[in-house]
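The form predicted alone is given below as one chain in structure tokens.
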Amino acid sequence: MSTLVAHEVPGGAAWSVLLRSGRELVLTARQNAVNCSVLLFAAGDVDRLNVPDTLKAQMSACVRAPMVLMSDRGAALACVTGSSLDWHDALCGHSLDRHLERFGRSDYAEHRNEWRRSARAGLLSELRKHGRGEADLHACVNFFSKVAVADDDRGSLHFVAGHAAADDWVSLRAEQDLLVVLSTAPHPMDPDCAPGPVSAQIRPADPVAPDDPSMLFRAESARAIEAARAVFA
């Protein structure tokens, strides 16, 4: 299938793109242990990704194919059409500046393009390019990362190191026109600070068939896709 746009996002950087309905964004890890924190907004509308409702409606503690990523109003923003991984973290949110303090001081004057930035800093930088700001930050999906329940009395969460390897991938089909904002800064619970690059490719998606896996996954998933179609009826 032809690629319309190809972009390499360096480790620790941020990027944003307008993704038309019916197109597919494929994210591919370019090295081991990458993380990609992703925000989704309906282009030109008030809808944005609602991670709690997405998980609750589809009875899951993680994001995986063929789940639907739902908006505040229960409409599908995108469908996870495929992935080499069966788990993408949606519980822990994006990293903050204070999460990087344990790795020592870093700034552009000293480290130039290698300076360490949190996902929050990168996401805000991209949001401002689209006239958005802090109020638009919402719970993200950390693609390529996994956080599981630890074997302790508290049932605490722990970061699963080595979950993703180079060439792992995930594909998202836009169900309506979207603004996608992403950061390749490390996951907030990652004990290492070695951000890796991610490649992004946009291509036409296959037409949605009646037996589309996202339509058949759960009744709630199908209703979300139908709600997205009603937006443009």
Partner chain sequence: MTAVVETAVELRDADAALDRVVQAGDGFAGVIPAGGEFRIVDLCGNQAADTLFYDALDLGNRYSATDTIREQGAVYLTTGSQLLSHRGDLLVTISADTGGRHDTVGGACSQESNVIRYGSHTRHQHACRETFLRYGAPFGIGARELGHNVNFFMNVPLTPAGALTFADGLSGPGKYVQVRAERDVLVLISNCPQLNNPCNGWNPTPIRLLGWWQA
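These numbers were taken from a predicted model, which means no experiment stands behind them. Positions refer to the first chain, counted from 1.
The following text describes the form predicted together with the partner chain, which does not appear among the structures shown.
Only one segment in the set 77-85, 135-143, 104-112, 159-167 has residues whose heavy atoms sit within 4.5 Å of the partner chain in the model of the complex; it is 135-143.
At a distance threshold of 4.5 angstroms between non-hydrogen atoms, residue 194 is out of contact with the partner chain in the model of the complex. Proximity of residue 44 to the partner chain in the model of the complex falls outside the 4.5 Å heavy atom cutoff.
The closest heavy atom approach of residue 154 to the partner chain in the model of the complex falls within 4.5 Å. Under a 4.5 angstroms non-hydrogen atom cutoff, the partner chain in the model of the complex has residue 60 among its neighbouring residues. If you take 203-220 and check each residue for a heavy atom within 4.5 Å of the partner chain in the model of the complex, you get just 220.
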